[in-house]
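In structure tokens, the next block holds one chain alone, the form predicted alone.
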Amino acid sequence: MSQDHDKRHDDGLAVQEARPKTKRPPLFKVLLLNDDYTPMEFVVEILETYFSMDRSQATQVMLQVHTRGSGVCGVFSRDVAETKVEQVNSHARQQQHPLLCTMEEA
């Protein structure tokens, strides 16, 4: 069959595939909350270990936690954020520190 033949029998309708409208999944901020007992150096180590921050960046976030009551460690998908919160809280308990890590929608 020639292309001309195909064109004559398409009834003038153009077919376009419908693209599903996908919504990006929500992102979540992972936060550290200040307490009066966890050593600042431990907070810096947490930020370096679990959030891949360098010493300078980790120190800045630690000071934000210390002075403002909380600090953002990063923004992640729900699964990654939940995992990081669990890892940090578990490690802090193992080391007998009351440091609290939480998450909230960004």
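So that there is no doubt, residue numbering starts at 1 and follows the sequence shown. From a predicted model like this one, the values you see are computed outputs, not experimental measurements.
Keep in mind the form predicted in complex with ligand TYC is missing from the figure; the text below concerns it.
Placing ligand TYC onto this chain after superposition of the site C-alphas, with its pose taken in the model of the complex, gives no ligand atom within 2.4 angstroms of any backbone or C-beta atom; the site is classed as open.
Contact with ligand TYC, judged by heavy atoms within 4.5 Å in the model of the complex, is confined among 49-57, 64-72, 22-30, 77-85 to 64-72. In the model of the complex, ligand TYC lies within 4.5 Å of some heavy atom of D35. Of the residues in 38-61, those that come within 4.5 Å of ligand TYC in the model of the complex through at least one heavy atom are, in sequence order, T38, P39, M40, V43.
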